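Quick setup: one chain, the form predicted on its own, written in structure tokens, and binding and motion questions come after.
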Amino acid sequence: MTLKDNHGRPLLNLRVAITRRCNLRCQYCHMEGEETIPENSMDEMTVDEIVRIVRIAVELGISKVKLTGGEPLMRKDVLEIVKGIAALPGLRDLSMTTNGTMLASLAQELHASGLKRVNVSFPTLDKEVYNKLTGGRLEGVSEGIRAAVNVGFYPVKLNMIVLKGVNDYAVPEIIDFARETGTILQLIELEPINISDEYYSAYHKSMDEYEDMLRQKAVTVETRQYMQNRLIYHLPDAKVEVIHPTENMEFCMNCTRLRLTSDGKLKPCLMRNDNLVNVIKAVRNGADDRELIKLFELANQRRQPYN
């Protein structure tokens, strides 16, 4: 059974924000499109609540789950969350997006708990630029990436937000780093979400010149169906994916995902917060599985291409 929305798009992926907390302050973070939640009102879902909600999703045909945040490794019970979700029958893929700063010490246990792959935010190889962008130390992230590769995560992807005049010059050297470490580079265009118009205007850069360069160097070019038809450029000894912003029709018409916010709401679209479905309230009010299924069906029907 696979749910389809009113536009015929299958629902295959669920992104689960397990916390809003983070140990970095990345200037470009879109926070999964969540509206700001006052620190004193943050109420994280429990392990059992997260696993139950994800179980309903998997029973409805969602086969791929990605844990996000905030920084998911900030949760002391993250291994329990991973184990609980990984054990669900019918789940094909469990992955995580992380800033990588705590990954080196947890990579082995995460892999053993059932996590299959990781995406690591990696905007630059310059220590000073990294610190300015995030407030953190680059060395720990590099260690985390190498540890993830060594314990058997595959693939390990590097998420590089390209910022005009900040790190745009560094794309070739990040490709070299990906080649050296056996990782896949994802070049990501800056999203106009949860950042100021001034920041977007100052730092947004089109992916066109990089796609031209990659097209010339690529041995083959692959289209990822059910992942917004994004392109993967297979270079002689490296892979590079290019991700354009979500507010374009090609991205939207090929979207197959739903989000679960850190405060327990089903979010049909990254770009909107006016159509959320409060699933955690139902869980805490004693809803049975049939009621939760209806909430998922409602959220799925609220999925529509952004315009």
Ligand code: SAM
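All values derive from a computational prediction rather than experimental measurement. One rule holds for the numbers: they count along the sequence shown, beginning at 1.
The same protein also has a form predicted in complex with the ligand, omitted here; what follows describes it.
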With the distance limit set at 4.5 angstroms and only heavy atoms considered, check whether Val118, Gly144 and Val240 all reach the ligand in the predicted bound form. no
Should Arg272 be classed as touching the ligand in the predicted bound form when contacts are defined as heavy atoms within 4.5 Å? no
Answer yes if any heavy atom of Thr68 is within 4.5 Å of a heavy atom of the ligand in the predicted bound form; otherwise answer no. yes
In the predicted bound form, does Cys29 come within 4.5 Å of the ligand, counting heavy atoms only? yes
Indicate whether the ligand has at least one heavy atom within 4.5 Å of a heavy atom of Asn167 in the predicted bound form. no
The one residue among Glu189, Asp93, Asp176, Glu109 placing a heavy atom within 4.5 Å of the ligand in the predicted bound form is Glu189
With the partner removed from view, which of 146-154, 79-87, 95-103, 214-222 is the stretch that lies within 4.5 Å of the ligand in the predicted bound form, judged by heavy atom distances? 95-103
Applying a 4.5 angstroms cut-off on non-hydrogen atoms, the residues of 151-186 near the ligand in the predicted bound form are Asn159, Ile161
